[in-house]
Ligand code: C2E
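Here we start with a single chain on its own, the form predicted on its own, put down as structure tokens.
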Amino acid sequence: MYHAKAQGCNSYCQFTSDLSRDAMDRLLLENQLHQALVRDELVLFYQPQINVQSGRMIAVEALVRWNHPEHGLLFPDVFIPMAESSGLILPLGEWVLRTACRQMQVWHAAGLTHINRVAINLSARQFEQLTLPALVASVLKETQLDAAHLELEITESAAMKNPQRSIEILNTLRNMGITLSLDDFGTGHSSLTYLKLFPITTLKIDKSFVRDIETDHHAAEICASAIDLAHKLGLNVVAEGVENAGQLLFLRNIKCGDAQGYLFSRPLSSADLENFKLAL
């Protein structure tokens, strides 16, 4: 039934032993995920964000991985959907928030103040929690991290589920001094009416647009238009998924603010990031 529902409306599929095995594997992995937090199996990696004009690292995005005892390092697409459906996304998200803030404080205490912000993705479930601002305030107080060094990312799809409530939450977070970013811009249910009302500071252009800017005229125009719009609204822009020098040159020519992607670096462990030097 679940397999058929995943295929979309008006679908059906026949039961096979493979489906039974897949279901059992998912159930086992979900049960193990319950223990991952307790057993300290989760780990954060950090991907540098680079200022396009200066070439300097100005921030990092925190990305969670699961160091599974049998399967090795698992990427979010393997376990985050399970965490979302089971409700584990809330304690997992809190762990990410606390761990990233603590790491930023460690870096700054060690003199690595050029890492100005750490960006953390908020799931839709987290963003729906009435206690979110209080939780963030509590973690900042606990880790003694200045709010100016924390950036929270919310997808436009999540923000548009309840725009009025989103505005209230975002205003509360913004008034705390936190930087706010609208992630995956252009891929969700966007509304320019609400874009001007959301108290965000940054637009993140999805990698699906950046990937084809050298070969697809429409993708290039979308990127250029989004960046121009952001500038006129007083917003910074981060382009995701930059993988080659041609893409970087295009983004530099259209005055994109910041970028991240494999051209600069893959996500790094906290120790490796301390020694990160950009070499293009």
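What you see is a predicted model, and the numbers here were worked out from it, not measured in a lab. Residue indices: 1-based, along the sequence shown.
The discussion below concerns the form predicted together with the named molecule, not included here.
Would you please decide whether Ile89 lies within 4.5 angstroms of the named molecule in the predicted bound form, comparing each non-hydrogen atom pair?
Within the cut-off, so yes.
Using a 4.5 angstroms cut-off on non-hydrogen atoms, would Pro199 count as touching the named molecule in the predicted bound form?
Taking the distances in the predicted bound form, the answer for Pro199 is no, it never comes within 4.5 Å of the named molecule.
Contact with the named molecule in the predicted bound form for Gln47, defined as at least one heavy atom pair within 4.5 Å: yes or no?
Gln47 belongs to the contact set for the named molecule.
Is the gap between Leu122 and the named molecule in the predicted bound form 4.5 Å or less for some heavy atom pair?
Contact with the named molecule, yes.
Please determine whether each residue of Glu61, Val64 and Ile80 possesses a non-hydrogen atom within 4.5 angstroms of the named molecule in the predicted bound form.
Every listed residue reaches the named molecule in the predicted bound form, so yes.
Among 240 to 248, 30 to 38, 52 to 60, 219 to 227, mark the stretch whose residues have heavy atoms within 4.5 Å of the named molecule in the predicted bound form.
Of the options, only 240 to 248 has residues within 4.5 Å of the partner.
So which of Val96, Leu145, Ile178, Ile115 gets a non-hydrogen atom within 4.5 Å of the named molecule in the predicted bound form?
Checked against the cut-off, the match is Val96.
Is any part of 246 to 264 within 4.5 angstroms of the named molecule in the predicted bound form by a non-hydrogen atom, and which residues would that be?
If the 4.5 Å heavy-atom criterion is applied to the named molecule in the predicted bound form, 246 to 264 yields Gly261, Tyr262.
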